[in-house]
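A lone chain, given as structure tokens: the form predicted on its own.
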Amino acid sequence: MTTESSIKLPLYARQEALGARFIQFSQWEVPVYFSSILEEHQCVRTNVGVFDVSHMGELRIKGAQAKEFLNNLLPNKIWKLEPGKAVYSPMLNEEGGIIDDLIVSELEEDNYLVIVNAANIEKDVTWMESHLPEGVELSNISSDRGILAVQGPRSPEFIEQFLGSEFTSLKRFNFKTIQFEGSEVVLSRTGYTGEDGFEFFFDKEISVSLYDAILKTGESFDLKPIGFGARDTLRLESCLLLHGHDMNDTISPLEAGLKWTIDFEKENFIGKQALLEQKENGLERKLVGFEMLDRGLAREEYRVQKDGKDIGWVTSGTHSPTLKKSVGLALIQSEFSGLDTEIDIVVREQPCKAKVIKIPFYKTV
């Protein structure tokens, strides 16, 4: 279902010609699948596929105090960045809730690329600007940019053929700048599938030519275009959290299992005091993984119960194509978060048995 106000991305016509079926995601029209979600999911798990994620936000932050600003804004170790390296971090409010999760790349000294979630672009910019010190410049370049993600176990082979063997030595969360048709492209070894992969960040004018070049080179790999349906099942199997679902501005990174993104040794960052209090007092709720024991598919916002009492809710759920079972994530009271604890998921007003299991459900990288 699309509306008159929905935004078509630069590759819309090209993807339509490839047989894409579209849905509206926030304000953008995006391909949900080309062939089928299952086929595309299996393609990325076993081979290689390309995603168009040009709806994502891109911000540039520049200035002599840019690193200090980002280090105070974000809880992760921004101070350790150097040109060619990137880091994942949540961005917190004063109460420790997650405003958004993002990736910061240091393009060069005092010059940073920040990738944010599409639905949060305006909110993020407003928040950052409210904390922006004098001499630091923030630019929202989202509407001028595109992002393509090549993901799957054969993605290094593809990149070697597409660009050369020197690019396959890139480590995770490292990037290089390349040229394509006279335009500067950032190639980063990152992704959102749980598989090895690379992401291209570029000016939108080369969207079609870069996409077609990837598809052309990919013919010998049986590379396929992949839609948002498989993107969601892939990320959920790997327990890569989705903002607005598994985390939001009322859920802290400690509750969401993102303690590894917090540098408590830093002198200060927004939300630090709230997280310290949570650590001291103990967590009242935690994000856990579960599998269904009874027949039924857990969906977002389904109630979670123990002995007939509500103890939380499902944040994401799906039938795992890889594991061949129904799994999900839920935010529940901490006392019921232990592995193998049996819980009930209320499906169509009927409690269905499930149990807490180890996450991620699937892991390769």
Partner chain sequence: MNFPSELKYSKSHEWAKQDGDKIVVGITEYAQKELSDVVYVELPAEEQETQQSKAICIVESVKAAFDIYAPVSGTVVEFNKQLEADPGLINRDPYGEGWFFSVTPSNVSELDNLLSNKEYEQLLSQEAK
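These numbers come from a predicted model, not from an experiment. Residue numbers count along the first chain shown, from 1.
Below: the form predicted together with its partner chain, not depicted.
Note on contacts: among K123, R295, R172, K216, the single residue with a heavy atom within 4.5 Å of its partner chain in the model of the complex is R295. When you look in the model of the complex, the only residue of G84, G289, G257, G229 with a non-hydrogen atom within 4.5 Å of its partner chain is G229. The candidate stretches are 311-319, 49-57, 63-71, 332-340, and the one lying within 4.5 Å of its partner chain in the model of the complex by heavy atoms is 311-319. Proximity of S36 to its partner chain in the model of the complex: non-hydrogen atoms within 4.5 Å are present. The shortest heavy atom separation between R21 and its partner chain in the model of the complex is within 4.5 Å. Its partner chain is not drawn, but in the model of the complex it has no heavy atom within 4.5 Å of T193.
Interface residue remark: S89 is not counted as part of the site for its partner chain in the model of the complex, having no heavy atom within 4.5 Å.
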